[in-house]
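For reference, the chain that follows is the form predicted on its own, supplied as structure tokens.
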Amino acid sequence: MITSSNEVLISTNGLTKQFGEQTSVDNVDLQINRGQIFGFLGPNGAGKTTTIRMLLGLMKPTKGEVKLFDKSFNNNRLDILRKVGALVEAPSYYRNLTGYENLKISSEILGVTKQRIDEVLEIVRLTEVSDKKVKQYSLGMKQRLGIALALLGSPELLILDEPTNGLDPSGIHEIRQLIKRMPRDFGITVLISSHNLAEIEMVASHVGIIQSGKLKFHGTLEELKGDNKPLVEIKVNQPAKAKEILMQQQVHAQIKGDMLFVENFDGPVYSINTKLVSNGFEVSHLVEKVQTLEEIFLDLTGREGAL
């Protein structure tokens, strides 16, 4: 329905939260535009949920500024929250009521119609089990009901904090497919937090990586991969002499053990092999290695990420 635009729905400036002497969120600047699925990624305890609570006005920042839809919470709380749906930690519902009855209670508070209840049940694919009691739902169905409750007020922005926590692979797939549909089918911008890179990589258009309260990266997945030039690993006889030959071609190699390593090589890798063989060297092993996104993430987060 919509594509990513330049309209900023979430912005923070110097957002900081301290609990006594501990800094949970440290000077974080976020910008999330309409139409994005923004993956907020970091190890458990990195500051994701605290940030989200400040974005929703559930927690007051120690310092810094939060704006949603270019408005601060100071005088615009109701106007902002009418446009936002959120699922933070475990969804809230009445276990002894049906899925439909849970939505009916919230619809009366929000002033939405029966038609809207039917619409959100269809969106999250719970129509067929809407008359079952929630205590009979699987964990994945309960999470989808939580998302249905967040969607009931027809939000423009959906904030989901670790929505696949504890789900089995089938439940994770269901939630992932649902999130991917949000901007495309319903015009809803999504912020999803997770400690799982693989999950974010499959759904997000943009990523913010947080570690120990500090924002380590903010941009697209392509930008995250962008500066990742390959490492060329070479096994050759006479590595010291081979290194000298490569240096003559402005190819800077390092010797480690009996191997040569060429970092950040941006030419065709076969040219290294051609140069060495044409100068009489015997190349028995030449491999181009590129860091995976997981390795990049672990480097950014000090290899403390729970993946």
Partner chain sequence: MDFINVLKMEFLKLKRSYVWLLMCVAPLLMVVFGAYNFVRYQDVFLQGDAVPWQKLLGQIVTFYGLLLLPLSIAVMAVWLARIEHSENNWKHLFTLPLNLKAIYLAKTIIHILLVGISMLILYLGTIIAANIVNVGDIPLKAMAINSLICWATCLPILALQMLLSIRFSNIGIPVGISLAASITSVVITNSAYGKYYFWSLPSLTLMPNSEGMRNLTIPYSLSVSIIAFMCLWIIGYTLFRRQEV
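This structure is a prediction, so every number in the text was calculated from the model and none was measured. In this text, the rigid core denotes the largest set of C-alpha atoms whose superposition between the two forms falls within 1.5 Å. Residue numbers count along the first chain shown, from 1.
Omitted from view is the form predicted in complex with the partner chain, to which the following refers.
**Q** Of the options Leu149, Ile210, Leu158, Val236, which one has a non-hydrogen atom that comes within 4.5 Å of the partner chain in the predicted bound form?
**A** Of the listed residues, the single hit is Leu149.
**Q** Given that the partner chain is left out here, which of Lys133, Arg181, Lys214, Lys225 has a heavy atom within 4.5 Å of it in the predicted bound form?
**A** Here the answer is residue option Lys133.
**Q** Among 198-206, 166-174, 184-192, 99-107, which stretch has residues with heavy atoms no more than 4.5 Å from the partner chain in the predicted bound form?
**A** Among the listed stretches, the partner-contacting one is 99-107.
**Q** Residue-level contact is defined here as any heavy atom of the residue lying within 4.5 Å of the partner chain in the predicted bound form; does Ala90 satisfy this criterion?
**A** Yes, Ala90 lies within 4.5 Å of the partner chain in the predicted bound form.
**Q** Would you classify Leu221 as touching the partner chain in the predicted bound form, given a 4.5 Å non-hydrogen atom cut-off?
**A** No - in the predicted bound form, heavy atoms of Leu221 and the partner chain never come within 4.5 Å of each other.
**Q** Does any heavy atom of Leu30 come within 4.5 Å of a heavy atom of the partner chain in the predicted bound form?
**A** No, Leu30 sits far enough from the partner chain in the predicted bound form that none of its heavy atoms falls within 4.5 Å.
**Q** For Arg125, is any heavy atom within 4.5 Å of the partner chain in the predicted bound form, or not?
**A** Arg125: no, not in contact with the partner chain in the predicted bound form.
**Q** For a quick check, can you give me the residues of 38-67 that have a heavy atom within 4.5 Å of the partner chain in the predicted bound form?
**A** Sequence-ordered list: Arg53, Leu56, Leu58, Met59, Lys60.
**Q** Superposing on the rigid core, does the Cα of Asn165 end up 2 Å or more away between this form and the one not shown?
**A** Yes; Asn165 is a residue whose C-alpha shifts (by 2 Å or more) between this form and the one not shown when the cores are overlaid.
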